[in-house]
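Starting off, we have a lone chain in the form predicted alone, written out as C-alpha cells.
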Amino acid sequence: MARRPASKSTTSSPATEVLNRGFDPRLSVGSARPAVFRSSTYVFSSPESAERAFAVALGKLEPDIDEDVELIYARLSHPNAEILEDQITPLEPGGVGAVVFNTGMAAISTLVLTLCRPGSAVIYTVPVYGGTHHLLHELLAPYGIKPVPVPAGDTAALSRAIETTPDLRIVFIETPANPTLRMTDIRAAAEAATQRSAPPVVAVDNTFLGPVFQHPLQQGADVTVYSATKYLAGFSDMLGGVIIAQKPEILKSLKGTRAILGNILQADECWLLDSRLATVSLRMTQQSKNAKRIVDRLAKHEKVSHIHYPPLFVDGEQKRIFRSQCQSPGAIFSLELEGGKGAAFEFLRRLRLTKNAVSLGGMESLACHPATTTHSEMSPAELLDAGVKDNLVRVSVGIENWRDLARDYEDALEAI
C-alpha cells in the first residue's frame, strides 16, 4: 500500500495536513510524494484478507479503528483516491472524510441517488447551476423525486419550505448562487432541518468560495460539494468532484453508490488534483484580490448598470449573511450591461485577455453569458425569476496582472 490510514485526530493546521495526512513514503519506496498507481485490480495477501475486504466493502463488517483494509478493485477504490480523500478532508473544517468523483455533476448525482427515493423531495436554491437544474427536473423528476425551488437568500421562505415539504431528503444550497452571487444563510437552513423528526441532509455547493473563504460544515451543513474542476484543480485541465461530510454513515453510503455507478475519479486525475491542494489558498487569495481591485474600477462605469459582487451588496440581509459566513468575496463577479443581450455579446467579443468560455476558478480569466450557455436549459420565466438576465456577463478572475485585466474590461466596455 502507498498510504497509511489517516489519523482520526490531529493538531496540525490544514496547510500542513494537506501535504502529510494519509501518505507514508516508506510504503512507496521512499517517494516524497505519491506516485500514480494504475491498476484495475489488487492482489490480496491471503484468502482471509480477501474475505474481510469484501465483508467490509459490502457493509457486513465494520473496519477496526485505523485498520488498513486491503483494496479489491479500482471501481471501488484505489491508492490515489484514498490518498486524495485523506489529504483533501482537512481543507474543510468539521469534515471526517471525503469521497472523490470524476466530475462535480457525478458528485451531485450520486448524492441525490443515494439519499432519495421515489416520492421524496429535494429543496434547492434558485438560481442554481444549469447541470443541477437539469438533473433534478429532467432526469430525476420523472422517477418521482420532487424538486422544490426556493429563491436564494430568502431565509424565511427556505425555513418554511424545510418545515412543510413532505418526505424531504435533501436541502441543496448553492451559495453564492451562480451567476447572481446571491447568498443563502447556511446556519438558518441547518437549524430548520434539525427541527424535523427526520432531518434532511443539508448539502452546500461550495465551489465558488471554498475551501478557503467559506466553510459550510462549520455553519451546520452535513455535506459540502465541490466541482473540483474549478478552484481545487485550478488549471482548467481536468475534471473532478468531491464530497466532504461530517457523518461517517453518509460517506459510507456515497461510496457504496459510487461503486455501483463507477464514477470514481481515476488514478491520474487523483494524482493531479492531490498535487494542486497545497496551493489552493495561494491561488484563491490572489484571485480574490484581483477581483476586488477590478470591481472597484468598473463599479462606476457608465455602461455597467449593476455589478453582482458581495462587497457591493445593498440588501441588509445579504450583507449580514456575507459577514457571518464568508471570509472573502472570492474572484467571481457578474456585470449587467446597458444595452441588453447585444451589449453583453459585444463585450465578450471585444475581450482580449479574458477568454469567452464556461467554467471558472482556473488561473486564467474567463467570461461567459449564462442565459445562453450555463443556464440556457431554464425557461425564460425561470431565468427571469432567478435574475439571470440577457445583459448579464459572469466573470471568473484569474491570476494575471489585475491592471491588465481591468484595462481589458474597460476597453471592451468602451467598444460597445
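Quick note: we count residues from 1 along the sequence shown, nothing fancier. The model shown is predicted, which means the values in this text are computed figures rather than measured ones.
One more form of this protein, predicted in complex with a small molecule, exists but is not displayed; see below.
S.K.: Tell me which stretch of 156 to 164, 305 to 313, 100 to 108, 321 to 329 has a heavy atom within 4.5 angstroms of the small molecule in the predicted complex.
M.R.: Checking each option against the 4.5 Å cut-off leaves 100 to 108.
S.K.: Just to confirm, with a 4.5 Å cut-off on non-hydrogen atoms, which of Thr184, Thr229, Gln214, Ser77 contacts the small molecule in the predicted complex?
M.R.: The option sitting close enough to the partner is Thr229.
S.K.: Looking at Thr207, Thr224, Gln87, Thr125, which is the one with a non-hydrogen atom within 4.5 Å of the small molecule in the predicted complex?
M.R.: By the 4.5 Å criterion, the partner-contacting residue is Thr207.
S.K.: With a cut-off of 4.5 Å between heavy atoms, is Trp271 one of the residues that contacts the small molecule in the predicted complex?
M.R.: It does not: once the small molecule is placed as it appears in the predicted complex, Trp271 has no heavy atom within 4.5 Å of it.
S.K.: If you check in the predicted complex, is Gly240 within 4.5 Å of the small molecule, heavy atoms only?
M.R.: Judged by the heavy-atom cut-off of 4.5 Å, Gly240 is in contact with the small molecule in the predicted complex.
S.K.: Though only this chain appears here, would Glu174 touch the small molecule in the predicted complex if you measure heavy atom gaps against 4.5 Å?
M.R.: Yes - in the predicted complex, heavy atoms of Glu174 and the small molecule come within 4.5 Å of each other.
S.K.: Test of understanding: in the predicted complex, would Phe345 fall inside 4.5 Å of the small molecule by heavy atoms?
M.R.: Result no; Phe345 lies far from the small molecule in the predicted complex.
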